[in-house]
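So this first bit is one chain, no partners, the form predicted on its own, shown in structure tokens.
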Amino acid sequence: MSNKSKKHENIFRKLARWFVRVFMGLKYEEKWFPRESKGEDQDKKPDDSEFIVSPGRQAFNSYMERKFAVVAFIVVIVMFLIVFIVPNFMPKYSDSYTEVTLKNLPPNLTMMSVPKELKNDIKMIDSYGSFSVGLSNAGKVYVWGCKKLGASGMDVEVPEEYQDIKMAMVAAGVDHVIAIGEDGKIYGWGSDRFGQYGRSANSIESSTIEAMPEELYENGVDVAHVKKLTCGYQATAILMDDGTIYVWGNKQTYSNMNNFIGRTDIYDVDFTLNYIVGLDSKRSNVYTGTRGLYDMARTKIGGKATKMFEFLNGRKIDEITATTSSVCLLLDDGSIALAGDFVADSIEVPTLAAGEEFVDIKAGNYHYTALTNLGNVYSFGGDHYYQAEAPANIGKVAKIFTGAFQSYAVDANGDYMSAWGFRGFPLGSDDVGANILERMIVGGRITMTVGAVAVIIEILIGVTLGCISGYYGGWVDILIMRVAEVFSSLPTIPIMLILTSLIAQMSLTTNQRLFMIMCVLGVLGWPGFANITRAQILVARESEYVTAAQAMGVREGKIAFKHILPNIVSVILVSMTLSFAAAMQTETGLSFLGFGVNYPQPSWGNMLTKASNATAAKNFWWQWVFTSAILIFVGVCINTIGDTIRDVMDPKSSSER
């Protein structure tokens, strides 16, 4: 065996031996890796009694024999790596990101989990928020995703009394579902606070709610002549093939709803977040009843935004579909364009090859997915959850469907082919719809940074003053210790609240304010290090090596900081680990009270403010349980490291106790 191979084998055996020693104990180490084996440990001698181990090596060996301490050290290192490295791989993360349709969702990864029974028989799929509904060709409705919504735990699962009814169409709003049975009757479930699906007493009496039309409520519709069923945020629309439209729901969200009531000349209809948009019977005007809102068209093919009639130039609009903030037009020549004065240039409309044209387009909340005559699929628009990144080589697609943040491809037989987009939140979402896991990672970086920098400041001030005070004594010692006593006597929390409140009033950037908070924590916490360092210096300055250095004419400052200080670093190290955990806890407390890191910038402290709200604490437990658990876990691990270092550094302690 070559020397290189032997070296690699020795490294592997050392790692294996260390693992066994840490996680199984010395008994199994001696059993599986007897020390008399030659070549495995060059630094060990057959007779351990004759082998002299340095104090540092002895302390290290003693530490490594303590399983919980090793595990705690690994946990802290892993946490540091996660909070400082992982954010660099979260390109779509934003502190200020909000999404109203995804707020207060529990941990869930089933947003794209199409039920097995539906996968081979898909007729349609629809979604507007945290759940999706699907309809099979056999008329059965399926629901997947987050089915329980809000503090009430309202369930959007298909009611038992509707499960055996054959449905012809289905659509989903943010908190309700509407289905039309094959008999033409209209069924609704979920929330009806704003008359989304029924004629409850509050929907009839309220001026801000448009109730379901009487004729639909009593008699249903002729399902054979229903052209489109669609739902908005808290509203529903049914379009008949003769241009008649029925609209009901929340008039506060859709202030232009009255403009559509009684209309009989609508060719197509959809909802943005705040407007109902319709295509008139001439197929050349996007109608909202609000002048000028959608009279412009923009496309990467057509260039700059122009008046709709100029852009169309005789062409007709075959279909309109809307996200929460824009409208996409499918024209009769197979091209597409975006409508609206506010349409952003950043939306890239895909360019097709010669002979290829669009035949269908569907919209999610922020993205579009389009199908061409060649069976190719293109997704574009908002891409926060990768919903605009259609996978390559799907195959020849026959039909497409979109959810709020998902897209689905189906073949000619209605069989599921592929899906892409948003799967859900592993640890749930908060009250603005942000990903708690991502905010915990970014917040951990801030909390740990604040703790680390604060401790560094404490060490720099406390150790320096403690060393000077302990070595020189006299009036210098008296002065420094009296100052330390003044700082120690200050009511820490009230002073921090006052100072951080003053900092919040300053015209500082977020990072500058965060640095000031670190400085406040460090400046108020140095007396502990000063006292510990002074006590150790008072003992060490009477040692023989100090007397020898003085006799040799070494300068006083050099003796204090170069000869004495390195010999008491172990005590400082122990205090540093314990103070680090304490600084993290202090930052957490300040942020929890609203005086530390403020929203939207996350920290573990301000994420715990959800627990102060009775509704959130009871119904949205995931918004504070995971954060508090990781904070406690990391704090315990850091304290375990500090306690263990103190034990192994103490010559009077026994590694076996």
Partner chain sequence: MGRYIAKRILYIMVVFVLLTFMLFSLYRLMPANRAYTDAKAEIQALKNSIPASERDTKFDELYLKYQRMYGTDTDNTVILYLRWLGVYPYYNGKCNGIFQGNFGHSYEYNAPVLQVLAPCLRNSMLIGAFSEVFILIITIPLGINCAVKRNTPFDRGVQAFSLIGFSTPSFIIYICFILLFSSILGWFPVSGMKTPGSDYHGAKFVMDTLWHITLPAICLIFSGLAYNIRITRASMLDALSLDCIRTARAKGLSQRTVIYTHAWRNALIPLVSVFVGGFFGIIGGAIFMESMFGFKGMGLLLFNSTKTADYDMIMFIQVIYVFIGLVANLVTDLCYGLVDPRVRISK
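Quantities reported herein were computed from a predicted structural model and do not represent experimental measurements. Residue numbers count along the first chain shown, from 1.
From this point on, the text means the form predicted together with the partner chain, which you will not see here.
Peer 1: Does any heavy atom of residue 612 come within 4.5 Å of a heavy atom of the partner chain in the predicted bound form?
Peer 2: The answer is yes: residue 612 has a heavy atom within 4.5 Å of the partner chain.
Peer 1: Consider residue 636 of the chain shown here, and say whether it contacts the partner chain in the predicted bound form, taking contact as heavy atoms within 4.5 Å.
Peer 2: The answer is yes: residue 636 has a heavy atom within 4.5 Å of the partner chain.
Peer 1: Residue-level question: is residue 624 within 4.5 Å of the partner chain in the predicted bound form, judged on heavy atoms?
Peer 2: Contact check for residue 624: yes, within 4.5 Å of the partner chain in the predicted bound form.
Peer 1: With heavy atoms only and a cut-off of 4.5 Å, decide whether residue 57 touches the partner chain in the predicted bound form.
Peer 2: Heavy-atom contact with the partner chain at 4.5 Å: absent for residue 57.
Peer 1: Could you spot which one of 353, 138, 502, 552 gets a heavy atom to within 4.5 Å of the partner chain in the predicted bound form?
Peer 2: Selected option: 502.
Peer 1: Which residue, 566, 494, 292, 91, has a heavy atom that falls within 4.5 Å of the partner chain in the predicted bound form?
Peer 2: After the contact test, the surviving option is 494.
Peer 1: To test your reading of this chain, name the stretch in 583-591, 440-448, 411-419, 266-274 whose heavy atoms come within 4.5 Å of the partner chain in the predicted bound form.
Peer 2: Result for this chain: 583-591.
Peer 1: Going through 459-489, which residues have a heavy atom within 4.5 Å of the partner chain in the predicted bound form? Please give them in sequence order.
Peer 2: 482, 485, 486, 489, in sequence order.
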